[in-house]
Structures are given as structure tokens and as C-alpha cells.
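This document starts with one chain, in the form predicted alone, laid out as C-alpha cells.
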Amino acid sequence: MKKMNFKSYVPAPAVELESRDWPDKRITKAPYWCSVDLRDGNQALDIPMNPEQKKEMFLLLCDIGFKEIEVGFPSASQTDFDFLRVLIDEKLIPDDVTIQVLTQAREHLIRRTFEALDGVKNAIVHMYNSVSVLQRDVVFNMSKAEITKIAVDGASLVKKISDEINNPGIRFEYSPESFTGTELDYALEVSHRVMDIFQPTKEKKLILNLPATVEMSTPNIYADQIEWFCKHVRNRDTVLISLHAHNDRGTAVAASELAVMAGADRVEGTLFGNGERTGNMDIVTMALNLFSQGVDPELDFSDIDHVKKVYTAATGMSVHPRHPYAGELVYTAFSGSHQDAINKGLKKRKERRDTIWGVPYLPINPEDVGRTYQSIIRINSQSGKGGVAYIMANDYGYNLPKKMHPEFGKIIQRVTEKLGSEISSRKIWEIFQEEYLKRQTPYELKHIKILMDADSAHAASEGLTTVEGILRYGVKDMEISMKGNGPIDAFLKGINAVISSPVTLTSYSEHDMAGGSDSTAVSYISLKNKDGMECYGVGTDSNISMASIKAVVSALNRLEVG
């Protein structure tokens, strides 16, 4: 096997902090959220969203509760320019929503950006320029002073035009792009120079966005960088420290969570992590992570399937089936032990009427995001008896006795092992019917009459109940007539009088399916033969006595087949 050339890579440098406070912090309040789906997310699509798709996405983001939405790069794209004009001219922007537009720190782009914003009520002009070591050296071949001048000149023009149009609803954001690849003291220096231009106040704060444009380190180092910056930036109460993490290492959510603990106020990201390369920070995951800790995410994902539907239609992207909260499979369990634990947890929670969520293997209640328990338990060859029992109870109302779980579980497992794939709830139900309810060979009940004797003095010596009937075995009809202490006792005595190998009752249970006097009764009976083999039978009928008789015949047939 060829050895990978790991020696061509170097670890990200550590951050020197006199004290590191973030590890002891907890997130107790949601950050300010900004969706960049319509800009960063859109530019990463092989087929960008058309105007109608962008409009539908914008309305979805508003419905979810985003108060800041980056809608495009109007100076670089005519499509983005036109879309922004539609939002403004058709008055589609809610009064409590601020749109955000991106521009490079270049004069003609800045002027075009303000042209696109004409008439807007609330907007953030987000200006950026690359400041990292690699960008300065490889892309621009510029010194720090030259890079700083780009930022200062751009900020000066943004401020000048803003003063000229005198729109108090316009705020400012500056990103030292590729912050995580920049010397911290230099990123701070450039940011201070930009602050000198904008002169932020407590009432009108400047957003300083510190992006992990490329994720270059473990999440703790990003947190260290943010904490260092928060401790060293001057007039901290006049700026909002914002995050914009990409997912190159697969840890953008963790990095953003730790960076919020380190002092960041604001988080930019996208639904389901859409974005360049491996994507942006996934706001759905981070928001619902907060939710799972009892923190109000201040975003509404109570109908996650609707969010997925709009997102996939607008972007053409899919949501991974293992996405932590929205994936098709995340509220399911295939493992038998997991299924059993979930089943017991749900049952116990219902019995206790718990208000605090606590079900094994389910970190949140699926109902909180608009999902149901319908498909929590799914069955394949790795599944156990608990999962099968859950399907029968939850989907079809059959509360199988616990002693019956292994028996039916093995029947299903044999089928799934043969199939080599998952088995549907409907197929499990069909197998149950064929195995327990519809089997009429070798014994078939042709006729039955149950006579109840209410005379207790007479019953003490001769039994309360008489059962008369005909049981067919193959082509032979056998007459049954026997008394007993109830229908089951009488029927079993009658059977044992006519069959060659007697059976004994080992367990009995019953329940109704719907409640009320006209509900269907279900009876579960297990019988054992002389060889020690034991099988369950199941019977259903509007009459509980008849359901029990049918269950006896069901068990008898299953014993005969073995």
C-alpha cells in the first residue's frame, strides 16, 4: 500500500493566551443568526437558483425566523442585482428583517452595491478583502501595508456613500477574509483601521466577521483565536464579533459552538451546511444542538420536513439521511438493543407523563421537529425482538406478550436474513397474519357452540361452561363436547379427547384493539406438547371467548407444523 505523504503538512499554530476562559463557558442564549444561503450557498451550486427559487428560499428563511439574511453579491452578478431589486420594489422584506449584501473592497463594486440598495429600509453592507499570509503571498503579491490600504480605502468609500445617501437603516460589516490563516495581531490591526473609518458606537455597532474561510485547525484553536481577538479588540462594546465557518475538516459546527463560548456574538451559516467545497457551518444542526440543551434557538424548525422540501427544491441538493436532526434515518433504529431501549423509553415516558424528554438513543423528541414515531423502529437482520414488538403495537395495535417477543422476532429475523435487506412494517404485518391469524391447517374449526351455566351449585361439580363443536383434521371431522371452568378449559379438554398427542396451556393474555363495547378482542395463548415444544397462537373476534378459541387452534396448528 502506498504511504500517504503526511510530512508535506504542518499543524496549525497554537494561540498564546494568558488565560483561556472559553472551556468553562456554556451557551445559554442563541447568537444572532445570519443566513448566507442566498449568497454563499447559492454560489456553490452547479446550477444556481433561479429568481423564483431564490424568492421561495427567502420567504422560507423569513418564516424560520432569520432576522438577517445575506441575499447576494449584487455588484458581481446581474441576477443578484435584479433579485435584490425585486425584494425591495415588491416590498417582500419584512420590517424586522435586515438584508445583507456582499462586496469586495473595490470602488466600482461598492458603488454598484449601493445602487442595488436604493430604497431599502434595513441593510448590512458586508465588505471584505483577503488578508491571510497565503493570499498576500500567492494571490496578491502584496505587503501588509498594501493589503491594509485596500481595506481602508474600501471602508472609506462605503462610509462616504452611506453618509451621502443618509439612510440610517444601513449598517456595516467587515470581514478580514481567511482570518484563520492570518496573524492575529495583523487581523486586529486591519480591523482597528476599519473601525477608525466607521466609528462604531454602542447604538450602531460594526460587525467584525472573523471567517474560517478554510477550516485549518481543530475547533479549539478557532475558539482560542476568537477569544484572543475579543480580549484585544478595542471598544469591544461597539462591535459584534461574527463567525463564518467552513467545514473543510468536518467540524464547522463544533468550531462555531466553541467560538460562541469564546465570546462571539453572531453566526453566519446555511441550512444543512450548503456551501463551497465541504460547505458552510450548518445552522440547522447548531440551532437544534442548542435546543437539545434547553436553549431557545430563536429559529423555528418545528416542521423540518417542510424546510427540507423547500431547500431541496430550491437548491437541487439533498439532505443526508444521517443528518443529525433532519435525516430520513435519524429517528430510526435497526439494532435490536436500541429498538428495545427506545420502545421501553417511550412506554415509560407515557406512563410517567414526563415533561422532560428522556428516551434512550433519541436526543430530542422527533415530534418537536414535526417528525413522528411512525418509523422510529425499522427492521432488518440486525434487529431484535423489541423492534418487531414495537411495530406490531404501534402500527397495528397488537400488544404481544413479552414471552412471545422472541418467537415472532426469530420468524422475522429468518425472513430478513434471507432477504438481506430491511423489511417493511406492512410485510411484518402480512407475515404475522399468515403465521398466526390465517393458518387453518392441519386443524380447522368448522363449528363451535359455547354454553354458559349460571347455576353455581351445579357448576361446582360439573363445570361452568360447555363447549360443543366440530374440529376438522385433514378430511376428518372430529366432534368435541366437553365441560370446563371456562371456554378455554372446556375447549382444551375437548381437543385432548380427540387428538393423538395432548397439549397443555402455558400462558394466556388478552386485550381489546380499540376500547368500547364493540371493539375487537385479541387473545394470545401458548400451548406445549408432550415433547416440550411450545408455540403461541393468536385469535381475534368481537367476542373474547371466540378470540380465545381461535387462539387455541392457531397455537395447535403452529405446534403441529413445528
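Start at 1 and count along the sequence shown; that's the residue number. If you're wondering where the values come from, they're calculated on a predicted model, not measured in any experiment.
Although not depicted, the form predicted in complex with a small molecule is the subject of the following passage.
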Worksheet entry | Stretch in contact in the predicted complex with the small molecule, which is absent here, among 286 to 294, 121 to 129, 416 to 424, 359 to 367 (heavy atoms within 4.5 Å) | 121 to 129
Worksheet item: How about residue 465: is it within 4.5 Å of the small molecule in the predicted complex, going by heavy atoms?
Response: no
Worksheet item: Quick one: is residue 177 in contact with the small molecule in the predicted complex, heavy atoms, 4.5 Å cut-off?
Response: yes
Item to complete: Would you please decide whether residue 223 lies within 4.5 angstroms of the small molecule in the predicted complex, comparing each non-hydrogen atom pair?
Response: no
Worksheet item: Does residue 211 reach the small molecule in the predicted complex, with heavy atoms at most 4.5 Å apart?
Response: yes
Worksheet, complete the sentence: Heavy atom within 4.5 Å of the small molecule in the predicted complex, from candidates 342, 264, 155, 102, belongs to 102
